[in-house]
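Let's start with one chain on its own, the form predicted alone, as structure tokens.
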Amino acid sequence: MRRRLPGFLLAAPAWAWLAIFFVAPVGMVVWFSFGYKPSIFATQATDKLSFDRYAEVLSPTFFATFQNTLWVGVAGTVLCFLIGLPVAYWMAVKAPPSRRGLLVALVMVPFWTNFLVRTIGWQVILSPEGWISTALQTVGFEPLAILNTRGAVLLGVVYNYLPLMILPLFVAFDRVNGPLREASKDLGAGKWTTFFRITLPLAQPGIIAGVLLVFIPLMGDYITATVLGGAKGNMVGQLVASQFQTAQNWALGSAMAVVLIIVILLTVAIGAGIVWLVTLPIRASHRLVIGAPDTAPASVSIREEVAA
């Protein structure tokens, strides 16, 4: 018999890629976060390790920025979900199959332009001299004053990250079998009941993927906050970039980056726990207990019953 290589070697390129381009850089950032800036001309030193940089990051000076970043991240993700859910459902279920490819291409159109260029476009639109402000002044309103505010940042992140929410939701809804929805309706369920008890639970993997694809990069975004937010829309990504590029304090910038990673992980974990607790009664109500003579009751879900 021929000798065969172990199966785990097939994943060796992926592990090597993760080790070189993810584990090593993150490990370096964590290591620098325990160091300090030795002089005005040096970026970092790690001969004396301490938690002093983390104490600086958690000071009131930066705490407000972390609060603002978390607010924009959560609010932007929720808005992307509320807008993207009906759009993706219409694309996958209601739109004619012959036009779905065109609709997906239209969703991808913003990615044909550079991220920075798209954001600067909104800066031009929202400026007091932009066409929206000019139109408002023409009919007697005050000039538009949304630029350089947190609202402008929220508008920009929703525009930039909305396609990342629509695409996984579209794939999830598209994979939900039509016969399951038809069977639910034949059993007496209405449109809303079918959507919330059949379609939406089956699309849960796409919902999770869309939320993560939007929330994680949104929390680290600094281009949108820099272009549209100004001082009032400051986010942690701006602080990290300024510490590495302007202040040349790699230790403090690394500590900020590590705290941001921890905040993202904690927020995702807390959000997952809240969703699990909220949906626990719903999941329990979706299960039926079927008993048979001389046998133990069997518990099956409504989705399995419909599928059968």
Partner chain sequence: MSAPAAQRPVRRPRKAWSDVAFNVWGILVMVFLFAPIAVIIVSSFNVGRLLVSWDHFGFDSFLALLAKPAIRDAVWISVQTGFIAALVATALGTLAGIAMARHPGKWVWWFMGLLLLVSVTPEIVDAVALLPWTVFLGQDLGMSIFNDGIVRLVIGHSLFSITVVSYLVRARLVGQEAQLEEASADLYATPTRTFRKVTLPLAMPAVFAGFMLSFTFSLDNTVIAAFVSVSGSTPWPVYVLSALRSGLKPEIAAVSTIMLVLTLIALGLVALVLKRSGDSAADIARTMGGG
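Positions refer to the first chain, counted from 1. Not measured: the values here are computed from a predicted model.
This next part talks about the form predicted together with the partner chain, which is not shown.
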If you check in the predicted complex, is residue 141 within 4.5 Å of the partner chain, heavy atoms only?
-> no
Is there a non-hydrogen atom of residue 244 within 4.5 angstroms of a non-hydrogen atom of the partner chain in the predicted complex?
-> yes
Might residue 135 be said to contact the partner chain in the predicted complex, defining contact as any heavy atom within 4.5 Å?
-> no
Might residue 174 be said to contact the partner chain in the predicted complex, defining contact as any heavy atom within 4.5 Å?
-> yes
The partner chain in the predicted complex: within 4.5 Å of a heavy atom of each of 55, 58 and 276?
-> no
Segment that reaches the partner chain in the predicted complex - one of 198 to 206, 232 to 240, 69 to 77, 181 to 189, heavy atoms within 4.5 Å | 232 to 240
Which residues, if any, of 51 to 68 lie within 4.5 Å of the partner chain in the predicted complex when only heavy atoms count?
-> none
